[in-house]
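Shown here is one chain on its own, the form predicted alone, set out as structure tokens.
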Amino acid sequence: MNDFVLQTVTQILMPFIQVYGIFVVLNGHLSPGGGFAGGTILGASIILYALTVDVKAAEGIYPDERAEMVESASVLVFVLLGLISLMMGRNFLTNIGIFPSPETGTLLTGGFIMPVTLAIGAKVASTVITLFTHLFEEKKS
């Protein structure tokens, strides 16, 4: 798209959209939101940049190799956290308090919920971006 105003507004808003997406992912165990919502916001920010500024530049920000690595690593983290709870004699992905925190409602009081939410957020953001790039490539050919 060749609209100067839209490109400028997108470049100004993109960091704020991404910070909000990270905020939603990090506070998902304390408030509404979480990995899926935050990951979707993060993925949508890259898609917005690709559609308004430049698809090739967006592919440079988040190349396919990085997307594959993030998707694999996030699934691996999810499974490893489940296996840790199994090794501790609990059910798969049972929430275990891993960070001692005297005050409830702080960022580290969720136990396994926070790392699981981070893994889900990374997986969803990466998948949304990958789906967009594959659909865009398919449309071009």
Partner chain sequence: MNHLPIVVICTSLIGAFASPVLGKGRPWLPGILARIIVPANAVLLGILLAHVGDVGVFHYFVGGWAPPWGIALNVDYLSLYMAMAIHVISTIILVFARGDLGHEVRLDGHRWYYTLFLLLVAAMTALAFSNDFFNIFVFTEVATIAACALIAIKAYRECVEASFKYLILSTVGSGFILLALALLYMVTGHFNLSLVAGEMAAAAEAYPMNIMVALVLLIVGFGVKSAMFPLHVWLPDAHSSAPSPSSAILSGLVVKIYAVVLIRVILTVFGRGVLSTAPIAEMLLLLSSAAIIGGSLFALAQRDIKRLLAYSTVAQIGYIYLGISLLSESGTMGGLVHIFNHALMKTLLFLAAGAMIHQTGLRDITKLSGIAKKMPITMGVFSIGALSMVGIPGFNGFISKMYLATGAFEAGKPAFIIVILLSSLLNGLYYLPIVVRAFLGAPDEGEVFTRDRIPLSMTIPLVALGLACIYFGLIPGPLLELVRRAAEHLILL
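As the structure is a computational prediction, the values presented were derived from the model and not from experiment. Positions refer to the first chain, counted from 1. In this text, rigid core is short for the largest set of C-alphas that superpose within 1.5 Å between two forms.
There is another form of this protein, the form predicted in complex with the partner chain, and it is not shown here; the text below is about that form.
Chemist: Flag this candidate site as yes only if S72, L76 and T94 all have a heavy atom within 4.5 Å of the partner chain in the model of the complex; otherwise mark no.
Modeler: Per the other structure, all of S72, L76 and T94 touch the partner chain.
Chemist: Does L86 reach the partner chain in the model of the complex, with heavy atoms at most 4.5 Å apart?
Modeler: Output for L86 is yes: heavy atoms within 4.5 Å of the partner chain.
Chemist: I'd like to know whether D54 contacts the partner chain in the model of the complex, with contact meaning heavy atoms within 4.5 angstroms.
Modeler: Flag for D54 set to no.
Chemist: Closest heavy atom of E68 to the partner chain in the model of the complex, within 4.5 Å or not?
Modeler: Because a heavy atom of E68 falls inside 4.5 Å of the partner chain in the model of the complex, the answer is yes.
Chemist: How about G89 - superposed on the rigid core, does its CA move between the shown form and the other one by 2 Å or more?
Modeler: After core superposition, the displacement of the G89 C-alpha between the shown form and the other one reaches the 2 Å mark, so yes.
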